[in-house]
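In structure tokens, one chain follows: the form predicted on its own.
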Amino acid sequence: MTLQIGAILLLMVAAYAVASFKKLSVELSILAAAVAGGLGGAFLKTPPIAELPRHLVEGMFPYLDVMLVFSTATIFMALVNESGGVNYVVRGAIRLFYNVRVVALLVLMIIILIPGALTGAGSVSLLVVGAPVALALKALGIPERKVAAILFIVAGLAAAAPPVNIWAMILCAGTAIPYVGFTYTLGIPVLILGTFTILWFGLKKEGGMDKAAALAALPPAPPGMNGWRVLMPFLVFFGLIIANRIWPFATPIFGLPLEFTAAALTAWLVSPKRLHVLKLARETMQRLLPLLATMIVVGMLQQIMTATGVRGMISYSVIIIPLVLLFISLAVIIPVSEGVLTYGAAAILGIPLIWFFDSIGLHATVAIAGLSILWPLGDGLPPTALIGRLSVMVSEYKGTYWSFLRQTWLPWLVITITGILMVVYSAKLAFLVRWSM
């Protein structure tokens, strides 16, 4: 039986490798692996060929709720950006704090964190606020290579930050763990690591321009934009979340998609300029299609791996690895798996890891948070390198990609150590989960 499952796994790996060699996208490569695994399993009657279509179709829907959250959150941030809110906030940070360098850097860090934290994708942070923040960082005298490094690390941390963490959502869905208790468990490490990163790269001024020239270089905010117009949509969103926690039995459970929808409607209503909502939503969904497709094919792959026994074999392989070696290997296998499979790595490797950690007495929620901090590092590694490539593009860095990536070595190391220690000492960090409840 082990040989049969091993053969199916090899067939899936071969299909993925061939599809990647043929320059197909990651989504199509994962789909090829799922179909190949299903056909291989059907040949061995695990599952029978008649049940293969059902498994493929069922696998398309496990992450429907995650896709709804991601879609509504990204449309919300697109409306905030289109209304001029992002430009207004970035210009305000430079105007108020240009001469207080540490505060200016921390405010710009928060601006990068917010879109990714609300959508679960660091790429959204770069697409929405990357360009104006990059200009502001350059105006503060930070060279382009360091600007690219800041954007990559902080955008990755944004994807890991609460309230929306797609890796954690996938792991919770696959291990039957409620998606609760991550507010401080993820929020505190993300803020500490983000602060260390932006101060490490940006505290020393290396050139730059004066305040007037810096403001002139930034894109203008539309007439009529002010602080209340920017804050109101976020107050609606966080107000609905807080109300549900303060009055849990008197407040309806809206859910994140509806809360993001309410915030998006607020952003539309308070915008100082006319927004073409349907056009903007359509364009946003077109940009989101690759990521939504990834969520669909990852579910299909997970379903096929379960039906053929591959998932169980991987789980067993994880269990028999010596514990110390397993903890050390997380520094490599987690980022590399993200670079190859993107969010699929959480379903294929993360779920068996969490089952194992839970079985040996580690706290599953804290362990999920620790792994979620490690996965964004893989978004700088080939073949996908989505956040890494966007960081280079947005910062307009003209050097080689690897010279940019080498620049991130110290924050990368600190993040890796932090994530692994969170897993190892997850039982002792359980108080963070209780604070978050």
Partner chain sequence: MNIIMILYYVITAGLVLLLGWNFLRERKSANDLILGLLVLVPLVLRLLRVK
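Since we're looking at a predicted model, the values are computed, not measured. Numbering follows the first chain given and starts at 1.
What comes next is about the form predicted together with its partner chain, which is not displayed.
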Segment that reaches its partner chain in the predicted bound form - one of 288-296, 188-196, 103-111, 131-139, heavy atoms within 4.5 Å: 288-296
Heavy atoms within 4.5 Å of its partner chain in the predicted bound form: does L31 have any? yes
Tell me, yes or no, whether L256 is in contact with its partner chain in the predicted bound form, where a contact means a heavy atom of each within 4.5 Å. yes
So in the predicted bound form, does S25 come within 4.5 Å of its partner chain, heavy atom to heavy atom? yes
Interface membership of L68, its partner chain in the predicted bound form, 4.5 Å heavy atom rule: yes
The unique member of L381, L39, L410, M60 whose heavy atoms fall within 4.5 Å of its partner chain in the predicted bound form: M60
Of the options T72, S337, S271, N81, which one has a non-hydrogen atom that comes within 4.5 Å of its partner chain in the predicted bound form? T72
Could you pull out the residues of 265-286 that have any heavy atom within 4.5 Å of its partner chain in the predicted bound form? L278, A281, R282, M285, Q286
Change in CA distance between G174 and D65 in the predicted bound form, which is 3 Å or more, as closer or farther: farther
Can you confirm the direction of the Cα distance change for S123 and L64 in the predicted bound form, closer or farther than in this form, given it is 3 Å or more? closer
